[in-house]
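What follows is a single chain, given as structure tokens, in the form predicted on its own.
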Amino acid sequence: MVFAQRVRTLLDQMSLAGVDTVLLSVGADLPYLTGYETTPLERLTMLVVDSAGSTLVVPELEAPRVAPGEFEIVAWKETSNPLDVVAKMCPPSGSIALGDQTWSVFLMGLLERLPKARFRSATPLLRPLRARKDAAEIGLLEAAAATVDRVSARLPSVRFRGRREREVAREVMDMMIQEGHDEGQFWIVASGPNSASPHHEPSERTIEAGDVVVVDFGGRQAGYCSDTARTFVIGEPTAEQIRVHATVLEAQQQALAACRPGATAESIDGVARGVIEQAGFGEYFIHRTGHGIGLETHEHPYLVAGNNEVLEPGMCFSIEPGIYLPGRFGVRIEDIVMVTESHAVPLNNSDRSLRVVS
């Protein structure tokens, strides 16, 4: 099974790093290794991985939700303390790698029970595994991208003018479900001056003629995520709006062309940023160029200055440059791309032009 192979690869990483035990609770690392995604609760669920194999420590009332896998299940009762159960599985003075999203209350409990153990982050062990997607994962990401592309294709037929951002955002979310997503995770509809705020939350603002509207949305489908953004204008665009959009599109396309095995994450950010700086908008590109995607919307690798991580085949990430003119308008174009053996190809393929909508 794929999960057993992933655990074996993790064990190889652990051996190289001198780690005795890996402990994973909430977060994407757990389903990546087991296929089981826990609900964040005050009741501890934790996967224990060591040379003897994998054991999932789970609340007794949650155990029926766990599909059988190549791991042992230890169900703890309401009257027992799961931290005692986990601590007994760990070497008292060993090296233990803990998932980054483990609740602090559980970490503090483990520190009390294992005062001689050496704790570290499990991310350096899991990051290279999760960053390189296998064929099945890429297929799921392609399907998720195709779903939001179908939504993007429907957006020009949506009425924007005279409606509140929240109304349009709700319609975008509904379309994601209609087109095949299991859930929508976010839906940004940012109009007029609000489009200059990259993470604007849809508001009661009424969309007006002349507004630039950034629509950024994504969700999950069969466990894997989507993320895309397109920019629209209500009525005929101004020369400035056309120029800003063209600059962002050029930055995105040049960054895509620069993606290949051996290139660094920061070099791709540099290509996109260089195009925008040359056009005179450098100070208005205020976020990184992209982020990895998979079981989580944001994961490694991150395309940002200072990250010299080398791109490899199978890596999937966004390329999403933007220009944000405070108090006026902003533009963002976002696609998920996949690195192949020689270059990168976009998984999103909807119209990237500055489309006029009503």
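Bear in mind the structure is a predicted one, so any value in this text is a computation, not a measurement. All residue numbers are counted from 1 along the displayed sequence.
Just so it is clear, the following notes concern the form predicted in complex with another copy of the chain, a form of the same protein that is not shown.
> Only one of 251 to 259, 81 to 89, 133 to 141, 169 to 177 has heavy atoms within 4.5 Å of another copy of the chain in the model of the complex; I'd like to know which.
Selected stretch: 169 to 177.
> So in the model of the complex, does Gly192 come within 4.5 Å of another copy of the chain, heavy atom to heavy atom?
No, no contact at 4.5 Å.
> Give a yes or no for Arg328: in the model of the complex, does one of its heavy atoms lie within 4.5 Å of a heavy atom belonging to another copy of the chain?
Result no; Arg328 lies far from another copy of the chain in the model of the complex.
> Even though another copy of the chain is not shown here, does Val304 get within 4.5 Å of it in the model of the complex, heavy atoms only?
Result yes; Val304 sits at the interface with another copy of the chain in the model of the complex.
> How about His199 - does it come within 4.5 Å of another copy of the chain in the model of the complex, if we only consider non-hydrogen atoms?
The answer is yes: His199 has a heavy atom within 4.5 Å of another copy of the chain.
> Can you pick out, from Arg113, Arg150, His287, Arg164, the residue that has a heavy atom within 4.5 Å of another copy of the chain in the model of the complex?
Only one listed residue qualifies here, and that residue is His287.
> Ok, Ala246, Leu107, Val74, Leu129: which has a heavy atom sitting within 4.5 Å of another copy of the chain in the model of the complex?
None of the others qualify; the residue that does is Leu107.
> If you apply a 4.5 angstroms heavy atom cut-off, which residues in 99 to 128 are near another copy of the chain in the model of the complex?
If the 4.5 Å heavy-atom criterion is applied to another copy of the chain in the model of the complex, 99 to 128 yields Gly99, Asp100, Gln101, Thr102, Trp103, Ser104, Val105, Leu107, Met108, Leu111, Phe119, Arg120, Ser121.
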